[in-house]
Every structure is written in C-alpha cells, then in structure tokens.
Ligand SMILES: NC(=O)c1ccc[n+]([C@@H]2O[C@H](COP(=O)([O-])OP(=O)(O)OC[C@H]3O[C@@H](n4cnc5c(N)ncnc54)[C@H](OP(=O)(O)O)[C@@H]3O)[C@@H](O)[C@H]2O)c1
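Only one chain is given next, in structure tokens, and it is the form predicted on its own.
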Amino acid sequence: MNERVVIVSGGSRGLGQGIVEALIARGDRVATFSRTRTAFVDGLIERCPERFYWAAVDASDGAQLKAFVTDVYRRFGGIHGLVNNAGVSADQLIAMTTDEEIDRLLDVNLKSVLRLTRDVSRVMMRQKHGSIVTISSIIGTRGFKGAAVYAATKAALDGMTRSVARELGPKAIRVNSIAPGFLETDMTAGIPEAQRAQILRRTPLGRFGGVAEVAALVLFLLGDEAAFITGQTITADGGLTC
C-alpha cells in the first residue's frame, strides 16, 4: 500500500511529533489528537491539509476517542496503522502517590490505549489488514525510583501487545511495542544533571536517544518490511538494559 492512513495519539509534540513528521515525509496520511493545538499542528494543517488531520481530544475520555476513530475512518476511508504514543509521567514515591495521580496515569497511559486499540482494531478487522505499534518504556521492565505507577502502566502495555497480537494475527493485523530508553525530549529535560550523568555512564552508547531514531523504528514496524514481526517488544535504549 503506497499511501497508508495512520493514527498517532499525542502527536503534537515530543516523540509523537517526530513520528508524525516521519510519516508525513513518507507520504502517508496522518491523523493525530492532543488536548491542545500547537504551532507544529498549525504548520502541518497549512502545509498538508489533505494528508493531515488533528482534533482536540482528551485521551482519558473513551467517548471522544471513539468519535475520533469514526471521524478518521469517514474522512480517509480506512485506517492502516495505529501508533499508541500518548502518555504522561509522574515523579513520585509510591508512599506519597495520591489516588488522583494513580487514576490519571492509568486513564491516559493504559485505559486510553486499550480503548483506542479496541476501536481501531474493529476497523482493521473489516479490512483484514493493519499494524499497531505501542510506545512502552524500559522502565516497565527495569523499574525506576519514583516511577512505580508509570512503570506499572508501561509493563501492562507490553502484556497487552502480546495478547492482542495473538487475537488479531489471524486477521493479518500485526501488533508490536517499542520500549525506548531515555530520549532527548521535554519529558527528560527536567532530569537533574547528576542523575543524567549516572544514566549516561550506564549506557554503552554514552548518550540519550534521538526522537528520529525511535520514529524510524515505528515506520519499520508499520511497514511491509516487518510483515513477519508481531507480538514483540523491541528495546531502543542505547544498551542501557543489556
């Protein structure tokens, strides 16, 4: 398929923005959502109005997610790829974590992914074709101080990936996840210098990853070159967990 329709959740900034940019550069039609509109979104709407669609959607609202998927399908006539990228983080020791903070991370990082995957998979099953890529994290397997709830949500995404891959494989729908290490994004910009230096010392490649490097992996898993890969979690962390 020369021109795919791909949904990217949380594509207005950070890693999501990098993924959207790579897909647009490849010639795909891309639909994304976020809570707020950014200058990046405005620029793409102006440059690629026929191949780019954005909507204001609260990822924790299941009704809004379902309406967005329906809108994308009607607008573009199909959905060939889904990138579950939207997520939030929290830096809080488990003993100090509030119920509200637990609910917020579960709603955005886990429940929204389950709902979006469910709604998109229904379209893909009718098409008998599709690829789903979910962004998890090495923190889901390695753990990190102050990130217990975040780690729990990311570990759950890898388990979801393996289960959904078994369910959807007979329909020619592939499901994989990517577990990035530490990337140069807004989410890691606030890491204290001492902690940053410690991470770099433990990383064989000696640096944080780039958004474009993970975006390239997303494009590979969405494409036909990865036609025999499903149910896998691929780690991209510069060797930190090796």
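Predicted model, so just to flag it, every value in this text is computed and none were measured. A residue's number is simply how far along the shown sequence it sits, counting from 1.
One more form of this protein exists, namely the form predicted together with the named molecule; it is left out here, but the text below deals with it.
- The closest non-hydrogen atom of T161 lies beyond 4.5 Å of the named molecule in the model of the complex.
- In the model of the complex, D58 approaches the named molecule with a heavy atom inside 4.5 Å.
- In the model of the complex, the named molecule lies farther than 4.5 Å from every heavy atom of C48.
- Proximity of N176 to the named molecule in the model of the complex falls outside the 4.5 Å heavy atom cutoff.
- With the partner omitted from this view, the residue of V149, A155, A165, V108 that lies near the named molecule in the model of the complex is V108 [heavy atom within 4.5 Å].
- Per the 4.5 Å heavy atom criterion, the named molecule in the model of the complex is contacted by stretch 78-86, the sole one of 167-175, 78-86, 124-132, 94-102.
- Shown without its partner, the chain has P180, G181, F182, L183, T185, D186, M187, T188 in segment 178-216 as residues with a non-hydrogen atom within 4.5 angstroms of the named molecule in the model of the complex.
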